Every structure is written in C-alpha cells, then in structure tokens.
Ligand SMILES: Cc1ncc(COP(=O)(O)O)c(C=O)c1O
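Before any questions on how it binds or moves, here is one chain, the form predicted alone, in structure tokens.
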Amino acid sequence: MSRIENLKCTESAIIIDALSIINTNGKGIIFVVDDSNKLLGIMTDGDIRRALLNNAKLNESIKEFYNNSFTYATTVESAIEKLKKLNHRVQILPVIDENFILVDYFQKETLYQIPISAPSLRGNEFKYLVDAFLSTWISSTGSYIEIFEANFAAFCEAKHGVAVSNGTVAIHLALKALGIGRGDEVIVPDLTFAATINTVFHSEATPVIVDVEEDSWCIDPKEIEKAITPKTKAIIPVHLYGQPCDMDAIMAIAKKHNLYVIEDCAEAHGAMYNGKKVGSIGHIGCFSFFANKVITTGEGGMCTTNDFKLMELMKVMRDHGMNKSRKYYHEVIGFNYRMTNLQAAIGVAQLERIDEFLQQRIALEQEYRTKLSTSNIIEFQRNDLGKRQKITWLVSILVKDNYKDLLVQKLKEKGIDVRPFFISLGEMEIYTPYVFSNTVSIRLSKTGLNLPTSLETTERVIDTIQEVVQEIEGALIK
C-alpha cells in the first residue's frame, strides 16, 4: 500500500468513515477524491467536529462538509516551494500531478515538540467507543466495563478486576477496603509520584517514607523492616518506571508482621516478578490508565485482587456504598469512583494491543541502549535483576556528574521533551515530617531523566539525542 492510501476517501463516504480513516492515519486530515483519484477537497478533524456541533449525523455524507478550497502542491514543485506553503494552519499538503490526480502528500518532518509519551489509538478504540456511544450506555453501566475488568484481570493473572475512575482513587479504594484509617501507618517509597502518599493522607492514616534500592530504584525491603512499628498496617511498593519491586522479600515481611500489601502498578502493566505478573502478588494491585501509561482510557484505573470478598467490597464502595440488590440502601460509606462505559470501551481496544505496545517499547529502549552504549555520562535503568522482568514504561536513565540540566536544556532547544525523575517526597516540605530514610532516593531524583518513549519516536529523534550527548562529552574532553 502506498503511503497516500490511508489518507484518502471518496466523496460518497459518510462522516463515521472519515473519522475512522483519520483515527487510523493519525494525521488529522483526509483527502477527498473521485473514482479516478482526482482530488476534490480535504477534510480535517476540525471540520468533522464543527459538523457534529452543527447537528450533523455520523451516517451523513461528507459531501456537505469537506473543504473544496484548499492549499495543494504539484509534483513539479521543489521541496522549498512546498515548505513555503506550510504554516501553523496548513501542515500537510496534498500533492497532485498535471491532471489533478492525487499522488502523494508533503509534510515538514521536524523534531519540534517530540513528546515524552503519547497514546496510540489506531486499533478498535474508535469502533468500540462509537458502539458504546450508540448503545446509549455512556455512564458507569455497560457491557464494556465488565469486559474490561475481566480481560485486564486475566492479563494480570489475577482473579478479579474492579474498574475505577483513575489510578489515584484505585489506591485510595484499596486502602479503605482494607480498613486502613486513623492511627494506622502505611510504608511508602520516597521515590514515587505524589498520588501514592496522598492517598494515605486521604485515608486519614500516617505515611512512613522509606528509601529505595540503589540498583532497582524501588522500595528497599531492608528499610521497610526497619520502619515497622506496632502501628504499621500496610506497605505500598511502587513498581517504579516499569521495574518490579523485590516482592518475595516484601511479602515475607508482610506475612511476618501481618501487614497488607498494595502494589502500585501504575507504571508497570505486564511487568513480572519470579514469573508472576505485578498486580497479582500483593493483596490488591492498583493500575492507572492515564494517557501516558502503557494502555490508556484517558483517565481511569483498576484494582486487581485474588480475594473475592475484597473485590465485592471494592465494587460496593466504588458505587457510593450502595447494596447491589437493594437500590438506594447504603451499607457502607462509599465513593463515586466509577469508570464510564465509554472509557472502558477504549480500554478493551487498548488491551487487545498491549503485547504489541510492550514489544514496541522494548525495541525502542533497545535502540536507545545501542545508540548510547558508549556514553560515559549515561546509565540506563537496570534490566538484569534476576527474578525481576521489567517493562519499558519510559526509557529511564541517570545522568552523571551534574550534566542533567545541560542535557535537558540542549534537548529542549531541539524540541525534544525530556522529563526529570519524580522529586524525592522527603525533599518537599509537606512530606518532610514523614521521612524515615531517603538517602539513595534523593541522589536518584537529582540525576534521573526520562527520554521520549512515545511509539511515534523515530530513529531520527534517537540519533539527535545521541548527537547531543556526544556534543556534551566532546566538550568535556576539550
């Protein structure tokens, strides 16, 4: 198939067909042609949004809505001439021959604004979303919710899944379902996103911040053991940047001290420890489906568990604490933490491609490792830690000798988005009083960097990062 095939349709197409093509090509535009491939016009995703806002139906013909006054290029024009026709509004040009036959398109390829991560929505997402929409079951009831819960639990090798509105409330729901509250202590790692510790506060419990391991960057079981007091009720190990925690050690500690384990798996869909998927090892696993995660529902989350009673309780608490068989009778104090059927429809489609996503991310990280293998200032996240089988959520590195800020600055100048590691919790004033230990995590936080891991990241982007690293190292030699 030529590269122009997935950017065109005939004027007999209907709006939903045009949307499907745009969703597949990811360009935000289609070229409208007749049966002889003569170019008639263009239609953008913006044109479709305006049509729908003006009460157009998804099954209406695009004839009334595509634009037949548009900018185009010809096969005889030079690249420079074509570039002059591009601007902030016109970013893709159809290319025609002397008979106005569509033969190609022209797009300025640039490194400008390469994102750290971006969702891929080119499978059945649109199809299932429209199906859910047309069913009118667009709120928190619908077939896609049950399918998503069952399929995601199966992927995690857990018995049950409870879909929720985001990853943060997944942790909070887990804490509340386990009875964690005032007077209880919950051990959390120092190097994590703030949602992990904030949910402990929302549960009115007291967080205890402990350090992470030097090699894995995950919570250190030795520090957990030291921090346990008679008030300790739970541990929240975070599988950081796709790296599993030392779950054998953590579960042994939990069993010894009669503690609950809530796995924060927000960044580790599919990661494994000793042959088991994360989210199936502790008492409850908590996942996020935010747009930058391995799979996404926009916003959304999931609790996984092997405990039937915990699953039942979480589903009741998720739905205002309402009795499942007696409407409006509330048996516990609950929350509105429900996922919508629309979100779940996207999730079902994303889950169909999760193995593909994981393989693509692994290949992308390997490309980075190959291109940057000779660097003296970069150290990659470990992927050789025995029982741990990490996934690539973001390509994560440490930058040595205080060159991180310089690297960030130079990559930003190239339009490449890179992100520092999470700030050490204990370094932030609101969390400092709860620190037990955090020496290693402070050092990692100050030197860590995440590189673009969007599936749209090209070899050219990685080559540019390599060039910038080499430029910095070349200046050091001089």
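Because the structure is predicted, anything quoted here is derived from the model rather than measured. Residue indices: 1-based, along the sequence shown.
Absent from the display: the form predicted together with this ligand. The rest refers to it.
Peer 1: Spell out, yes or no, whether the shortest heavy atom distance between F422 and this ligand in the predicted bound form is within 4.5 Å.
Peer 2: Contact check for F422: yes, within 4.5 Å of this ligand in the predicted bound form.
Peer 1: Contact between D190 and this ligand in the predicted bound form at 4.5 Å, heavy atoms?
Peer 2: Contact check for D190: no, nothing within 4.5 Å of this ligand in the predicted bound form.
Peer 1: Is K293 close enough to this ligand in the predicted bound form to count, meaning some heavy atom within 4.5 Å?
Peer 2: Close contact exists here: in the predicted bound form, K293 approaches this ligand to within 4.5 Å, heavy atoms only.
Peer 1: Answer yes if any heavy atom of E267 is within 4.5 Å of a heavy atom of this ligand in the predicted bound form; otherwise answer no.
Peer 2: It does: once this ligand is placed as it appears in the predicted bound form, E267 has a heavy atom within 4.5 Å of it.
Peer 1: Can you work out which of N166, S140, S375, Q389 has a heavy atom no more than 4.5 Å from this ligand in the predicted bound form?
Peer 2: The residue in contact is N166.
Peer 1: Though this ligand is not shown, can you say which of A345, I171, V162, C245 has a heavy atom within 4.5 Å of it in the predicted bound form?
Peer 2: Answer to the contact question: I171.
Peer 1: Heavy atoms within 4.5 Å of this ligand in the predicted bound form: which stretch among 215-223, 376-384, 174-182, 190-198?
Peer 2: Looking at the other structure, the answer is 190-198.
Peer 1: Since the partner is left out here, which residues of 83-104 would have a heavy atom within 4.5 Å of this ligand in the predicted bound form?
Peer 2: Counting only heavy atoms within 4.5 Å of this ligand in the predicted bound form, no residue of 83-104 makes contact.
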